[in-house]
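The data below hold one chain only, encoded as C-alpha cells and taken in the form predicted on its own.
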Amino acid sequence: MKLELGNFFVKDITFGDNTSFNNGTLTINKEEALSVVREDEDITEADLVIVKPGDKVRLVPVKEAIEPRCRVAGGSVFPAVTGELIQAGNGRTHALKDCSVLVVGKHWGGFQDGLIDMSGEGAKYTYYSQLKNIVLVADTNEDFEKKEQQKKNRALRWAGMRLAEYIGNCVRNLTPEEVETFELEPVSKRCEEINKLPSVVLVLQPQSQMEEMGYNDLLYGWDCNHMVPTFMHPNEVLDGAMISGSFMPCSSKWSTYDFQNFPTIKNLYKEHGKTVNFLGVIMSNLNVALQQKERSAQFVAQMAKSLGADGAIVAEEGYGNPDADFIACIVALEDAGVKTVGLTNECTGRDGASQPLVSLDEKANAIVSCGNVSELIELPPMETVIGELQSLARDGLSGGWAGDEKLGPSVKEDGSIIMENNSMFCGDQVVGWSTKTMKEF
C-alpha cells in the first residue's frame, strides 16, 4: 500500500471571487462555500471567519478540526462518511497544510467542546493556535440536543467535512510543493536488514464507549463501539479512514485533523528501516464492561505477538474509565513478552495530588504523560470572541462551570476566564503534538 500526500503550504487565507490556491494564498468564495455547508437543512445559521496565529481571538465552543484535502483520482476524502466506501491509504491525496477547518457552535456547547485562543497565554495550550483556520460558525435546529450535556453535533461535524473537501478540491490539478510518500512492505515480506531491527506496533484506542450510536469515533463510517481490535495499515489512518467523534472531554479528544496528521505514525515511519521495523497499527476500542476491556486487551496482545512485535506503543483517547482499557492492554502486552510504552494524559486533580490514572499496574512502568486534565488555567479577556463565551459556563463544558464556592464562575464579568485544562481544544495532544512534560520538585 503506497500513499502519496501532495502538500500545498498555506501562507495566507482570504475571501474572493473564486476558490483557488496561488503562490501560497488560499482564496475562498464565501457564498459558494456556505452553500456546501447549507446542503444539510438542519443547519439554520452559518458563517465563515478566517483567524490566524497572533489574532486576538478566542473561539468557543470548538467542536471539530479537519485538514482540507482532495483525492486526486476522485472519491470522498472520508470514505463511507462523506461518500461511497473506498479503500483509504492508496494513491495520491492533496492536502492544504498549515491550516484547518474549525467547526464552532454559534451558541450551544457541550461537555465535549473546547476553547482555542489564537494569541496570548492561552495559545500555548493547543496546537490549533499555530494554524491559519477557516472557522465555520454555525447553529442547527437540533433543539433536542441544546440542553443535553452530550451532543452528537452531526450536522455541524459533517458540514465541516464537506467544507474541507470543497476547499481541498481547489488543488486537485495543481503540482504540490512537496510529496510525502508512505509505504510499508507486507509484514511477512520484509528484507533481512529490516527484520533484524526491533519490531514495533502502534496500538491506538479511539473513543468508543458510548453504546448509543452517533457519538463515537468512526472507522470507515463504522462506529468503533462495534469493532474488535483490528490490524490496519497506518496509511489508512493518515488518509481519512478515521473520523473524530463527539464524546470525550475536549482536551483528551483526537480531532479528525489529528488522525489525518498523526505525528506518532509519521515518526515511526521516519524510523522504519533505521532503528525499528514498524509493523503497523492495531486499532483497538474502549469499552465499558470489565470483561469487554479484558477481551480487547487479549485480542491486542495476541495480534501483536502473532505479528512478531518486540515492542508496542499504546495511546488512549480519553481518561477515567478508558484508563482501565489502557492499563489492561499494556499488562496483556507485557505478559506476552512485548515491551510496551503508554501515551496518555492524567487526571490528578486541580492540586496535582490525586492518583493519575483510574487503574494502575506495576507492569505499566513506561508511561509518557501529556499533562493533567484538571490543571487550572486563568486567561485574561480576549478582544474578539467567536461563538459564545458563556457556553463555557452555561453548557457544562468539561472544564468550565457556572459557579464554584471558591473560584466563582468560569466566565468573569470582564470576559476573563478560569477553567480546567479539560476545556482546551485537543489540548493534551496524546497523538504526538504535545510539548508538555512532567517535572519533579
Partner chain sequence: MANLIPVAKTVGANKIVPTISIPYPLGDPSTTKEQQWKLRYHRVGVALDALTIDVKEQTIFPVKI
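This is a predicted model, so every value here is computed, not measured. Residue numbers count along the first chain shown, from 1.
Not on display, but discussed next: the form predicted in complex with its partner chain.
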Practice task
Specify the contacting stretch among 163-171, 282-290, 86-94, 139-147, defined as having any heavy atom within 4.5 Å of its partner chain in the predicted bound form.
Solution key: 282-290
Practice task
Please pick, from 211, 193, 178, 185, the one residue with any non-hydrogen atom lying within 4.5 angstroms of its partner chain in the predicted bound form.
Solution key: 211
Exercise for the section: Sort through 331, 324, 72, 227 and report the residue having a heavy atom within 4.5 Å of its partner chain in the predicted bound form. Expected result: 324
Problem - Contact of residue 358 with its partner chain in the predicted bound form (heavy atom, 4.5 Å) - result: yes
